[in-house]
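Below you'll find only one chain, the form predicted alone, shown as structure tokens.
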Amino acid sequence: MHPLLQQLGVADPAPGLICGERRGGSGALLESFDPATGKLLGRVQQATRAEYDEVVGRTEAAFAKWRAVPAPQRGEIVRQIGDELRRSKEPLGRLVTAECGKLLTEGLGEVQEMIDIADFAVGLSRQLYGLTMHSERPSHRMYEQWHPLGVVGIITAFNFPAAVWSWNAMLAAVCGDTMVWKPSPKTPLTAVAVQQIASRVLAKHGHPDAMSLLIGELADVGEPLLDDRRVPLVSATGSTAMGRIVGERVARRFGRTLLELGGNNAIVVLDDADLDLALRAIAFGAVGTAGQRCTTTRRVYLQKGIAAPLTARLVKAYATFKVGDPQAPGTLVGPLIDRAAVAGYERALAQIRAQGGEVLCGAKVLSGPGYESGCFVAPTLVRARHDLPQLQHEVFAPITYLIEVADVDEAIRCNNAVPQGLSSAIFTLNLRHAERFLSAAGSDCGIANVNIGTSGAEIGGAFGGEKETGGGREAGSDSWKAYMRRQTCTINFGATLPLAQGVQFEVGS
């Protein structure tokens, strides 16, 4: 067994079903590999279709008890989950790195993000505010209040195998919901470790079934979750193609969805920008998590005056990036998640070349000592026209396009000229240009930044995008409302029954 799994108390095979004291499915074994080495990390015993029904039933039953707990007390339990994550930060961060291949600093940062959102949720547990409105009718009072929804289905992707669950789970928990988690089959061990941490705390407080984990085949777990009327909300993170399926199937039963889908993010660099800042932001945005973030910088629009010098600096910087073991000091680029992702990288490069894109550096699969897993690729810069067809498509790999523009107006048009709308940024020292980018006529993305990159959002602000990114919002701000139902209440404390809008309706005694 891998030492990290032992340290985190994960058995071999790991239980792909965790619901209270119920541990371990009876389905097929799922193997998890380290993308950096190709070595087997561990196996997970998956859940069957019958076990899916059992777990959702138990989680639904747990909702009746959990919703009756006062919200601040639910917040206290979430605080204790956060404390358990603090104690497990080092081994859990290393497990994230080992299983999904991101740099160790990113793996540790992901666990810190879980801790931060737990802290945020604790404060939120005392702030689930409604509104009080004046009634047009005498001796009447109106107000709005919020109630929990029920069982929330959480579907997460491999690139943030723990943090995205926490964005949903911590907020949903203080709102009074219970939840069922279906993680990516590419990173199941991280999910098992995280769920066990949460389950220990919940069991201590008498709510063992409030958070459940189900790892299983699409037909056994994924599809039933979309069609299950016991699950009023499904929060799904993944590709736009996946989101279309999730959105349509859940809507068919009038369920709700919270969709965090593809990003095709752009940075605009104007002639008056601080180029040192811009270079650092582009570099991290483009190659962080080996280009496998939904907020990865994929398009860079350079104003004419700085296009040539900044391009030269980027090419020079890319030549210094150390690609290799994500746990080794000095590494800036780890592996792609698997060889299927590498094949996608190669297909995209073939399309780029066929469409007239000019490869400036990179564009190769790495081999030799240290690259035996076959999952390492060279970060790639491409000089492109704004009408290159491949610009419309997100490729989950470190491929970055450099496109020259005349001015801020052309840059904004190009930024908005893709189907996705997650994150965007502009580098400028001109206040007018910055405010233009942030205005209603500027970036059409859910996230718009000035003088910082597209990647690395804080949990205090609502996270999500527009258009084919799905329109959902998670984490900070008032995102908690997605996990609750609104109720409008009117109280008549008078002795008569006046009707709204002056309607008269007299009934004889």
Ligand code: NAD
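Keep in mind it's a predicted model, so treat the numbers as computed, not measured. All residue numbers refer to positions in the sequence shown, first residue = 1.
The next section is about a form of this same protein that is not shown, the form predicted in complex with nicotinamide-adenine-dinucleotide (NAD).
If you check A411, I426, V174, C294 against nicotinamide-adenine-dinucleotide (NAD) in the predicted complex, which one has a heavy atom within 4.5 Å?
Residue within 4.5 Å of the partner: C294.
In the predicted complex, the residue from K182, R74, H433, R299 that sits within 4.5 Å of nicotinamide-adenine-dinucleotide (NAD) by heavy atoms
Contact check passes for K182.
Contact label in the predicted complex: S443 to nicotinamide-adenine-dinucleotide (NAD), heavy atom within 4.5 Å:
The answer is no: S443 has no heavy atom within 4.5 Å of nicotinamide-adenine-dinucleotide (NAD).
Tell me, yes or no, whether E394 is in contact with nicotinamide-adenine-dinucleotide (NAD) in the predicted complex, where a contact means a heavy atom of each within 4.5 Å.
Close contact exists here: in the predicted complex, E394 approaches nicotinamide-adenine-dinucleotide (NAD) to within 4.5 Å, heavy atoms only.
Against nicotinamide-adenine-dinucleotide (NAD) in the predicted complex, would T237 count as a contact residue? Criterion: heavy atoms within 4.5 Å.
T237 belongs to the contact set for nicotinamide-adenine-dinucleotide (NAD).
Does nicotinamide-adenine-dinucleotide (NAD) come within 4.5 Å of any heavy atom of F158 in the predicted complex?
Yes, F158 lies within 4.5 Å of nicotinamide-adenine-dinucleotide (NAD) in the predicted complex.
Counting any heavy atom within 4.5 Å as contact, can you tell me which stretch out of 46-54, 461-469, 448-456, 478-486 lines nicotinamide-adenine-dinucleotide (NAD) in the predicted complex?
Of the stretches listed, the one contacting the partner is 461-469.
Contacts with nicotinamide-adenine-dinucleotide (NAD) in the predicted complex, stretch 199-231 (heavy atom within 4.5 Å):
Those in contact are L218, G222, E223, L226.
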